[in-house]
Structure formats: structure tokens, C-alpha cells
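Heads up, the chain below is alone and in the form predicted on its own; it's given as C-alpha cells.
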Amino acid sequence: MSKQLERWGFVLLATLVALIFTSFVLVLAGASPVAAYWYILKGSLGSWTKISDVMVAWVPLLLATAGLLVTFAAGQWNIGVEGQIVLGAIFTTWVMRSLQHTNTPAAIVLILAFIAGAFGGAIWSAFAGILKVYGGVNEIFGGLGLDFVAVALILWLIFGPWKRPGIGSMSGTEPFPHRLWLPTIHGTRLSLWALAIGLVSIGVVYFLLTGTYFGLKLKAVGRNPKAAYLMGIPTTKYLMGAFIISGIFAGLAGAVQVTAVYHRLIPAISSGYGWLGLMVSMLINFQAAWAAPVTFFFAALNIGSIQLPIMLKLDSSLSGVLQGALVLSFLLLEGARRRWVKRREEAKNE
């Protein structure tokens, strides 16, 4: 129990350090930290409509984080998650464009679109896995390269083959018919279907990593690949499996963006959720049990920060400063905590 209290104390200290740093930035910008935090809170949780907007952003972020936890368990930095979200959105759009003018029932179209999105994300993630496992390319560099290719591909499609009639626009492709939109709660943009997909996904990842032999072996590969191989675990198979599973969830995030949020393909379809998912994964120390509440907190910061330019004439990117400061302070203090615990144990053994 004392160890848990000790850990929570460091978490609270990291949060305090991040708030102090962000407050200092606000003071330099000539704004009141108290007012800024109040408007962020009010802008994210001040009404049911705002809460539903937070949940709209929460679902794709939760899906991206769920996938990243799998590759992190295998000891891999899946930096290509942004591109995997984009490819999921592209494959989803391709299916919906192909079937939107047919007599295919809307439910069938949406199911096929989500399957295609998961498939697209898996393919793109598998490329990163192949480069790592068979090509010896560091997954960070391979993932970044694939991210750039994905961005180029989506721009080509929007301004080329899939452009709006007569024009190419940054607003994206033609919106899909309303019948192909995921149903939403009346008066909001929140789809209960999308919410269910997000919650089920993180539940599946939690069970996979904590309640199956696959998760146990995956963690063994992540801790020490050579030792895992000597124990008879096919490390190549498990590494590729981790990349593919991660890509499936990232692709689902792209599918949600197309079917439930934008209802078309836009250049910034990933909305930076891949990068944000990386930050969340580090902040929760790769523990799936904390993914849902922490991603909700980060989504609330993103939505609430929209009030800053309106009310205080500040840039909404301030929430990114707070998010980054929170992650960095946590990592620094977590490192300090581990060193302190190690020295304490060594002192006891002397």
C-alpha cells in the first residue's frame, strides 16, 4: 500500500510541475492562469454538448492508444501510427465511395467500411513491421517514412482522383450521403456505435495484454527478445503480430473519423491522434487500465482549449504545451523515483 501511495505522490507532483510550467508560460503571454484553466474546464465539461464533443475526440484517441499499447508491450515504438490512421481512413473512403450509389443497405456498407479501415491500417503497420523484422530498419525511421508517404497519398487522392467535381479543395472530398453516417445522439455529434467500438477495443487490448498467453509472451519479447527466442517463443511472429494488431486499431480510428466525425476524407483526417496517443502511452507507463481515463483527460484539454482564443485571445495550442509538459515532467520524475527506490533498496541491503 505504501508503494502505491508513493507512486501516486510522484504522479501528483508531476502534475503540479506541469501546471506550474504552463502557468509560467501563461504569465509570460500576459494571461491569467486561473482564467485559462477555468475556460478550458468550462469549454470541455460545461454542458452536455461540450461533454459529447469531448467524447467524439476521445474515441479515435482511445483507439490509437489501444493499438500503441500492443506494440509498446513488444518493445516497439510504432511511430507510424499517424500513417496507419490515414490509411484506415483512405480504405474506408474507398469502400464507401464504391458503394454509396448502389442499393447496398447502409448497415452493410458501414460494416464493410470499418473492415476495410482496419485492413488498411493493418497493411500500413505490417510494412513498418517488415522493415523492422526483415529489413533491420529501426521502427522509428520506418514509421516516420511511412507517415510521409501516407500524407502524400491522401493529398493526391483529395486533389486528384477523388477531388470534388471541378475543384480540388482542402475541405476534402464530397460528403457522403446521410444514410452512410453513423447514427448520433440527437443534438450532438456523438455516435454511440463509435463509442462502443472504442470501449470494446480498449477492453480487448487490456484482456489481451493481461489475461492471455499471447500477451505474456509478447511482453517477454519486449523485455528481452534474445531470451524469449531461447525460451522457444517465435519472436518474429510476435513482433509482426504486434504491428498488425496495432494497425488494426489505428485503422479503426481512421474509419471512425470518416464515418462518425467528418463524413468525408480530409487532409488532416488523423487530427494528430497518433502523436497524442504516443504521449498518453508514455504517461500511463504503458498500462492499459489507465488508457480510458487519461485519453479522456487529453481529449478534454483539446476541446476545452478552443475557448482560449475566443475568451483570452490566446492560441489554442496551449493545451499541447500542458500535455507535453505533463508527459515530460512525469517521465523525469518517474526516472528520479526509480533511482531513489533503487538507492533505498541498496542502502537496506548494505
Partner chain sequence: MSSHEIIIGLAGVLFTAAPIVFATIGETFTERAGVINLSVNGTILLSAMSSFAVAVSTHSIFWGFVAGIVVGMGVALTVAFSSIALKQSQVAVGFVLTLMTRDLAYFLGNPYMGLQGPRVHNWPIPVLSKIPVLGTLLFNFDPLTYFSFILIIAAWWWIFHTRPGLILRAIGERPAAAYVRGAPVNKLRYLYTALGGALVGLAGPTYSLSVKAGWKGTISGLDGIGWIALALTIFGGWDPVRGAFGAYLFALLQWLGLVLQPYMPNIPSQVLQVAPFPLMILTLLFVNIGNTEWVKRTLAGLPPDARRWATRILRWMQVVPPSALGTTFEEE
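Take the two forms, superpose them, and find the largest set of C-alpha atoms that agree within 1.5 Å; that set is the rigid core. What you are looking at is a predicted structure, and each value in this text was computed from that prediction instead of being measured. Numbering follows the first chain given and starts at 1.
In what follows, reference is made to the form predicted together with the partner chain, a form of this protein that is not presented.
**Q** Let me know the one among 109, 248, 202, 131 whose heavy atoms come within 4.5 Å of the partner chain in the model of the complex, would you?
**A** Comparing distances to the partner chain in the model of the complex, the residue within 4.5 Å is 131.
**Q** Let me know the one among 115, 144, 126, 192 whose heavy atoms come within 4.5 Å of the partner chain in the model of the complex, would you?
**A** Only one option qualifies, and that one is 144.
**Q** Within 4.5 Å, heavy atoms only, one stretch in 248-256, 192-200, 88-96, 133-141 touches the partner chain in the model of the complex. Which?
**A** Looking at the partner contacts, the answer comes out as 133-141.
**Q** Applying a 4.5 Å heavy atom distance criterion, does residue 332 contact the partner chain in the model of the complex?
**A** Residue 332: contacts the partner chain in the model of the complex.
**Q** Could you confirm whether residue 41 comes within 4.5 Å of the partner chain in the model of the complex, counting heavy atoms only?
**A** Contact with the partner chain, no.
**Q** Is there any non-hydrogen atom of residue 320 lying within 4.5 Å of the partner chain in the model of the complex?
**A** Although the partner chain is absent here, residue 320 would touch it in the model of the complex, with heavy atoms inside 4.5 Å.
**Q** Against the partner chain in the model of the complex, would residue 289 count as a contact residue? Criterion: heavy atoms within 4.5 Å.
**A** Residue 289 lies outside the contact set for the partner chain.
**Q** Select from 308-333 the residues with a non-hydrogen atom within 4.5 Å of the partner chain in the model of the complex and write them out in sequence order.
**A** Those in contact are 313, 314, 315, 317, 318, 320, 321, 324, 325, 327, 328, 331, 332.
**Q** Does the C-alpha of residue 17 move 2 Å or more between the shown form and the other one once the rigid core is lined up?
**A** After core superposition, the displacement of the residue 17 C-alpha between the shown form and the other one stays below 2 Å, so no.
**Q** Superposing on the rigid core, is the Cα displacement of residue 328 between the shown form and the other one 2 Å or more?
**A** Comparing the forms between the shown form and the other one, which are aligned on their rigid core, residue 328 does not shift its C-alpha by 2 Å or more.
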